[in-house]
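The chain that follows stands alone, in the form predicted on its own, written as structure tokens.
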């Protein structure tokens, strides 16, 4: 203690002398007429020293190379992340396996069942004329095309099919895609780009959602099939906003929504399109060959000229009972896709026999318009039979071949709702040999509409089939719900 005290006193005296020296009149400077005290000079020097130290590169001692033993130890301890995340309990999908054609009646586990899970709207699966045309096509062209359309994959039957669809719908031209679901999510980004505005229904299915995401456009959703919400959305986007007048604007809807069975009011959509100067992209996978007096889709149903719809797409795996898809419209719209649509440019072209099947299916529809009457009668009958089903209610339109049943009293969890619906579907199949399906959605699907049970009505179903499915559903629903 006696040693420390003199040192502390000496240090304090030294600091006092330095402060006095800097605060003395001779230590003060005048810069541009401003008197600067000595302590400001010291603080300035300290700041400069700190900045100099911060700007210097930190010192890093040279690394010592690892020995072979240390490298081996590190390799033994390293565990890579799994290639795929583990499948959560309840996420695994075990679907029944069909053992013959997916017609109105099919076979599952060696047992014949009534099939309401396949979108065979016109009942053309197993049609002899279509099968014969496919056999002739396979014998002539083989099975595959072995090349994209732009690289020696175009076959005359592709051009015939495109011409047939365009003529049937009354458009200038059509373009074929190899895979039905890829049609819409290739078409949307072919026309919609970053900076464009897309107004879409919140109930669109996953393929449309994927196309919206790939486009990188600004996407605004309106309430499902709600024209007041659509009008309000368009008004907000355009009113007093001069910027929107200079960019491309689209409305994207489905003719019949896969996630609800609702029919889009095309006449009102076209009125709003013309008022606010938007373009319309219409997805008709579930309405082509179904709606309209002759099955030409939503435009024919509402009496709207087809040329007022800018872009129409559809998959051919439903009403036509083949595969692939098409987009139809003006020559300019079609030609643009031949160079700019990824699903067309980079995919091997549609197998020729499937294009032949599509031509034969359209011919059958033109020659047998009564098939549409049969389909509509079956839809109306099933609607009537299921109107009083316990615990469930019909959410779909009376004209839709998709009968969509949702819970009257849903729980707070979509997962719990889906589990209930899957129990119903499993019991109906196990106890009464009726094949129906609940609406399973992946984590990629952003649709927030209620889950439900989808029944796909076919012109090939009989009154006995419809009575059987309605009776079974009523009995099972009353026991489960």
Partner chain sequence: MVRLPFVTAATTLLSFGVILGFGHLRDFFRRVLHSLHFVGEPAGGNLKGYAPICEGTDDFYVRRFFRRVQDCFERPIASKPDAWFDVIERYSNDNNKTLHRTTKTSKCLNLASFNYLGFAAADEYCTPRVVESLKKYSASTCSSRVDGGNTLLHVELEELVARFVRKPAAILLGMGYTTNSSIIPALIGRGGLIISDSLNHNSIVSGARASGASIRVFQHNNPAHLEAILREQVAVGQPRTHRAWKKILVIVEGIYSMEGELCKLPEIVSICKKYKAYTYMDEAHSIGAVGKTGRGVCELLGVDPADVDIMMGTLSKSFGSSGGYIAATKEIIHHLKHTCPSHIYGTSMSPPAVEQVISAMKVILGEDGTDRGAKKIAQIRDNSNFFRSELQKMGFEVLGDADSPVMPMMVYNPAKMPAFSRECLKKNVAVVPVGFPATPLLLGRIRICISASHTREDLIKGLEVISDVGDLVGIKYFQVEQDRATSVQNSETEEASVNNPRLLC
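As the structure is a prediction and not an experimental result, all values here were calculated from the model. Positions refer to the first chain, counted from 1.
Below: the form predicted in complex with its partner chain, not depicted.
> Just one of 218 to 226, 367 to 375, 111 to 119, 233 to 241 has residues with a heavy atom within 4.5 Å of its partner chain in the predicted complex, so point it out.
Result of the contact check: 111 to 119.
> Is residue 49 close enough to its partner chain in the predicted complex to count, meaning some heavy atom within 4.5 Å?
No, residue 49 stays farther than 4.5 Å from its partner chain in the predicted complex.
> Answer yes if any heavy atom of residue 145 is within 4.5 Å of a heavy atom of its partner chain in the predicted complex; otherwise answer no.
Although its partner chain is absent here, residue 145 would touch it in the predicted complex, with heavy atoms inside 4.5 Å.
> Is residue 406 one of the residues lying within 4.5 Å of its partner chain in the predicted complex, judged by heavy atom distances?
Residue-level check for residue 406: no, no contact with its partner chain.
> I'd like to know whether residue 327 contacts its partner chain in the predicted complex, with contact meaning heavy atoms within 4.5 angstroms.
Answer no; every heavy atom of residue 327 is more than 4.5 Å from its partner chain in the predicted complex.
> Using heavy atoms only and a 4.5 Å cut-off, determine which of 247, 381, 304, 399 is in contact with its partner chain in the predicted complex.
Selected residue: 247.
> Select from the listed residues 386, 166, 181, 362 the one whose heavy atoms reach within 4.5 Å of its partner chain in the predicted complex.
So the residue touching its partner chain in the predicted complex, by this definition, is 181.
> Which residues in 439 to 461 have a heavy atom within 4.5 Å of its partner chain in the predicted complex?
The stretch 439 to 461, when checked against its partner chain in the predicted complex, contributes 440, 441, 442, 443, 444, 445, 454 at the 4.5 Å heavy-atom cut-off.
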